[in-house]
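Listed next as structure tokens is one chain, alone, in the form predicted on its own.
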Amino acid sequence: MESISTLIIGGTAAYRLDLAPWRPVGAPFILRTPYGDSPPITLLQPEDAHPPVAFCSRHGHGALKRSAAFLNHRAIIWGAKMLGAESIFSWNGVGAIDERLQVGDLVVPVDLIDFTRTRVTTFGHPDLRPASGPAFHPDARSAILASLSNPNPVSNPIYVCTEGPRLETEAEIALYHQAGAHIVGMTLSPEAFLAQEAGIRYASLGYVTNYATGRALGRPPRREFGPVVARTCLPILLRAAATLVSAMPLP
């Protein structure tokens, strides 16, 4: 198999997504990594003018089978490395902490705060350097922003990652708000750090699925975890992949 430039990791509702509109190439496959098996990976080529992009659903297929606290992040990111991927894009359901955010908004985080406690954040490989620098690669992040119809509702949004699988308490969300976080989720650590360690550009698209605990602020409670999340996010990330490949073609 030729090197695949980009892996898209599907988050909320990816497990129920019909991939047919994005023209799968061949059958799904699983990579055997030193850290366990990757999720099933499908190659997508919605446009002949652009090379295929790899896609996987991080939470399982057909249903949400694994919550973020129990994902094998190392197998996913090492699988991207085995494919030769130079970029990883992901989408993630997030809770709104910032009062300017509404359910359905799209946010591209610029930084993250890691409040997880038990996750392995390194491959422990002697040939890889520890993660450092921006949590999200500026070029990959810019490619997502260029693929959005509307800019971020907040400037320079910060994502806080919690352990899960339980939801955060109101006091915890108040603490994260005080620390400067705009959105909360359970997924991006250690994914972002492992991608850095593997030398792969990484950026994420957050879909606001709900208001964080205590942050509805008088608004009617809403939760959006349905297929619209995946159907909204995948086309944006496919455009971002094409944008980044065009700007930085593989050698």
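What you are looking at is a predicted structure, and each value in this text was computed from that prediction instead of being measured. Residue positions are given as counts along the sequence shown, with the first one as 1.
Quick note: we don't show the form predicted together with a small molecule, though the next part is all about it.
Check: Which of these residues, S57, T42, S189, T209, gets a heavy atom within 4.5 Å of the small molecule in the predicted complex?
Finding: Looking at S57, T42, S189, T209 one by one, just T209 meets the 4.5 Å heavy-atom criterion.
Margin query: Since only the chain is shown here, I'm wondering whether G185 would be in contact with the small molecule in the predicted complex (any heavy atom pair within 4.5 Å).
Written below: Output for G185 is yes: heavy atoms within 4.5 Å of the small molecule.
Check: Is there a heavy atom of G93 lying 4.5 Å or less from a heavy atom of the small molecule in the predicted complex?
Finding: Because a heavy atom of G93 falls inside 4.5 Å of the small molecule in the predicted complex, the answer is yes.
Check: Does the 4.5 Å heavy atom contact test between E86 and the small molecule in the predicted complex come out positive?
Finding: Close contact is absent here: in the predicted complex, E86 is far from the small molecule, nothing within 4.5 Å, heavy atoms only.
Notebook entry, point to check: Even though the small molecule is not shown here, does L167 get within 4.5 Å of it in the predicted complex, heavy atoms only?
Noted result: Yes.
Item checked: Stretch in contact in the predicted complex with the small molecule, which is absent here, among 143-151, 75-83, 93-101, 129-137 (heavy atoms within 4.5 Å) -> Selected range: 93-101.
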